[in-house]
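Given as C-alpha cells, the chain that follows is alone and in the form predicted on its own.
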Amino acid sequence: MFVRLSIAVAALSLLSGAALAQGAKLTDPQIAHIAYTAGVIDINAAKQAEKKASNKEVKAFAKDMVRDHEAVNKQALDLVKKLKVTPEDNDTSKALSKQAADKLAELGKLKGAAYDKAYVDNEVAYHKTVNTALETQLIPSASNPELKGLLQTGLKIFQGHQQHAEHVAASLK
C-alpha cells in the first residue's frame, strides 16, 4: 500500500504546494516544464519496467507508456520552440524529479510479481495525481491557448493510461 500511495501523496503535495501554496500563479514556461517533467518521470519508470517486469501485460503497458509519453513530450518541445518559450525549471518540477528518483530506486529493489504489482499500482496513483493536477491547476493556469490545448490533449491520453493501469492492476490481484 505504501508503494502505491507514496508517489501520489508526494506528487499531489508538490503540485499543490511550493509556488501554488504561496498564491503565486504558475507561468506558462513553468507549466510546460512541470508537464514535461511529469512525462519524463513516467518514461523513466516505464523503461525500468520494460527491463524488470516479469508479466507480459505489465511489459506491454510499460511499452505503451514510453511510446505515448515520448510522443506528448515531443509535441510539447515542438510547441515551446514554435512559441519561442523556454521551459522554466521550478520548485515543483525539481521536487517531482527528486521524488521520482527515490521511487525508481525503491522499485528497483523489487523483483518478479512484487515488482509488477508495485509498478502498476504506482502508475495508477501517479496518473490519478497528474490528471488531477492537469485538470485543477495546470490547464486552468495556462494562458497560451496552444499550451492549454496540448495539456487538454495530454489529459485525455493520460486518463486512458489511468484506466489501462487500473485494468492491469486488477489482473494482477
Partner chain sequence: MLPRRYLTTLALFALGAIAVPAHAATIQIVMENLVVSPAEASAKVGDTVEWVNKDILAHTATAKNGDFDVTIAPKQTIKSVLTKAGTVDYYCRFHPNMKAVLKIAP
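Positions refer to the first chain, counted from 1. Just so it is clear, the model here is predicted, and its values are computed rather than measured.
If you look for the form predicted together with the partner chain, you will not find it shown, but the lines that follow are about it.
Of the heavy atoms in residue 71, some are within 4.5 Å of the partner chain in the model of the complex. Remark: residue 67 counts among the residues lining the partner chain in the model of the complex, judged by a heavy atom distance of 4.5 Å or less.
Residue contact check for residue 59: none of its heavy atoms lie within 4.5 Å of the partner chain in the model of the complex. In the model of the complex, residue 128 stays away from the partner chain, with no heavy atom inside 4.5 Å. Taken together, the three residues 75, 157 and 163 all lie with some non-hydrogen atom within 4.5 angstroms of the partner chain in the model of the complex.
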